[in-house]
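What follows is one chain in structure tokens, specifically the form predicted on its own.
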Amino acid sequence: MTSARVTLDRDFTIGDVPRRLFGSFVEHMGRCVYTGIYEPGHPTANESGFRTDVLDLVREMGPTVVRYPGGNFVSGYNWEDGVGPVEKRPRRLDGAWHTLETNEFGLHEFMDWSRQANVEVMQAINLGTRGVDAARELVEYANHPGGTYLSDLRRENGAEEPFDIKLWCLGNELDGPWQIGHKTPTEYGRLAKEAAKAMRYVDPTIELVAVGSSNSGMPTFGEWEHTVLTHVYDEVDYISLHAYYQEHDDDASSFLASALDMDHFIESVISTADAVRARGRHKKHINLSFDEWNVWYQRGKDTEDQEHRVKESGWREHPRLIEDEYTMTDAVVVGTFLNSLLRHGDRVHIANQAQLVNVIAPIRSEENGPAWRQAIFWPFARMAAVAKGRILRPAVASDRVETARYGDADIVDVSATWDEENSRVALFLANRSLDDAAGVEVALRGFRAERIVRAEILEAPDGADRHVSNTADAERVRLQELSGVATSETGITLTLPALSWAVVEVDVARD
């Protein structure tokens, strides 16, 4: 058995838990919208055409903010196509995903869905093929009360009250050559600055996210952030990060340690943003919006074959795209990503797991069929529900595992929160070992443990290997009670099975 010792001190906190850290993403891609969240003919569909079985799972999962409508899709999208009478909306070719977009679902429908799902909207604008005019006009349409052409048009289209969208993305992945309207950092920085100014002239209360690097392996990474922020620092509140991870060459140990790369990515962007702040003598800090992250099996030839099949079959409405089936291993990795985001919650104020339904998603659905939870659903759902109050800074002394891609990593990965109002500490733990259980001792400083409120474990069922996953017919990976958790006045002890993720809630009193 391996071991780890974790120390949590009441006075060692890094900030409040940002509620927007538990965000998701809906893009007009594959079956995320059509037959995902929206399917008027489905047996569970409500009067708005929304699948209530999916809505129930979304509410259970608990995302607080959802980014819309893309993603690559937004860089060629005209927002006007998705408003007004549905029968008059144009059908368009979407070059980003080689599909036919009907525009049956647009801004009004998404605002209606977001209210029913109880999520905040994070609206992205097209800075690929469009620019300043379209950006400011969308803000006026969405947020101005009335008395102008665009705000009155919204009212004519059925929304008397403003949508009051506060959070806006200034484009998507424009550092990427694959993006429609790809730009250099200087081209994007200048455009984003002018769009931001014009949008704030319409509504000065909005918050703005500048496009950062699509991943830390981009050849322009670092230079992109520095150049863009030099232009837009005073106009924006956040810079974005995107990252996807997968297992390479059956190297599970490296895959299970990939949150170390996420840590490095986050800390590098913080350093760059703070360097621009110092050089420009700015007073505010730019915070981070990690608005796309997940496990995504971009399997080389498999992905190329899929793209080829889509293009060969012509322009189709909502074809199946990257509907990855997630395993127990993936769920543990996602748990470590959530730990990384939470540990950096003093600067990462927004994060969006991509995407919500069907497309690399924690929720799957079938047309005219069922909806179900994938394995990665559980770490997100439990952390979104339980992580409240202040983020604790854990001191961890763990046995280590050597990995080919990321060097040594702690076998036990940890994050923790302290909800002072309810006198409760929550621990989120992952055991990265494929073979060995881990004995964990948690020492409390400034707290006195009183009782275990709940202890849950996500692990592969008996006899199943690490590739076990959930299907419409069988939920094989799910939370169950973690037994053997013991408390004393000064701490907690528990054992984590190999390849597992756990959440432990403890009622505490101040020493």
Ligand code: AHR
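When you see a residue number, it is the position in the sequence shown, counting from 1. Computed from a prediction, not measured in an experiment: that's the story for all the values here.
Below, we refer to the form predicted together with ligand AHR, which is not included among the displayed structures.
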Listed residue (289, 431, 172, 336) with a non-hydrogen atom within 4.5 angstroms of ligand AHR in the model of the complex: 172
Proximity to ligand AHR in the model of the complex, single hit among 426, 276, 165, 354 (heavy atom within 4.5 Å): 354
Region of this chain that lies against ligand AHR in the model of the complex, out of 336 to 344, 242 to 250, 184 to 192, 100 to 108 [heavy atom, 4.5 Å]: 242 to 250
Partner proximity in the model of the complex: residue 39 to ligand AHR, non-hydrogen atom cutoff 4.5 Å: no
Non-hydrogen atom contact residue 22 with ligand AHR in the model of the complex at 4.5 angstroms: no
Proximity of residue 459 to ligand AHR in the model of the complex, heavy atoms at 4.5 Å: no
Ligand AHR contact in the model of the complex: residue 417, any heavy atom under 4.5 Å: no
Residues 57, 374 and 475 all lining ligand AHR in the model of the complex, heavy atom within 4.5 Å: no
Residues in 50 to 86 close to ligand AHR in the model of the complex, defined by a heavy atom within 4.5 Å, in order: 71, 72
